[in-house]
Ligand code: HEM
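One chain comes next, on its own, written out as structure tokens in the form predicted alone.
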Amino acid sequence: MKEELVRDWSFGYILEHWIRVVSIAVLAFTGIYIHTPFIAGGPDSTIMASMRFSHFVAAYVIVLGLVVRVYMAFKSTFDADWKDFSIVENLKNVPDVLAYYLFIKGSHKDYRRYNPLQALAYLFTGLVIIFTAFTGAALYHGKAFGIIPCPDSFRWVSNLLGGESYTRIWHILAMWYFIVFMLAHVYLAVTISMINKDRTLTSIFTGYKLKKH
């Protein structure tokens, strides 16, 4: 069997991926602190102000990153992969991959870049990013970057979810979704890389994956 190193990710895709990872990490850390300050200083301290500022910046970055990723899905000269996210086609193939993950089958069909569960999970994650941005905007009171006043333009989100307390709960649940998603994502990347010996894990650093013919 012949093995060949093939470029699986361009620099743009790699950069967008790691910016999203850092943004989620910053959002989770600062969000936990804002909800439950665990460093001495209190709610009116400089530390809290810095945490809020970092949270705000990371929120903008992850939303802009999503916009860039959608643009690349349609316009990337390296690989416009929007067809890989077909909901109908991926749903039809979920049983095939699910049986593999549950050890019912020893293999699954060959898929271009993402298997059906991956594609659907990434689509759902994009929706969660949007949902989290809306709930975060509904909870935010103050000035953007400490300068631009933020009117209550997203009050309707809280009204829709049953009030600010429920909005905060949904916002926190979204954070936990990202944490669980990242843990599962890393676990599967490591596992698949070890089983297939195809450098899946390192490809997001180097851009290259090992293909077997």
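In case it trips you up, residue 1 is the first one in the sequence shown, and so on. These figures come from a predicted structure and were not determined experimentally.
Same protein, other form: the form predicted together with the named molecule, not shown, and the subject of what follows.
Contact with the named molecule in the predicted bound form, defined as a heavy atom within 4.5 Å, holds for exactly one of Tyr114, Tyr100, Tyr140, Tyr122, namely Tyr140.
Note that among 152 to 160, 66 to 74, 184 to 192, 171 to 179, the stretch whose heavy atoms approach the named molecule to within 4.5 Å in the predicted bound form is 171 to 179.
Taking the partner from the other structure, the named molecule in the predicted bound form has no heavy atom within 4.5 Å of any heavy atom of Ile47.
Proximity of Thr132 to the named molecule in the predicted bound form falls within the 4.5 Å heavy atom cutoff. Contacts between 59 to 88 and the named molecule, taken as any heavy atom within 4.5 Å in the predicted bound form, involve Ala59, Ile62, Val63.
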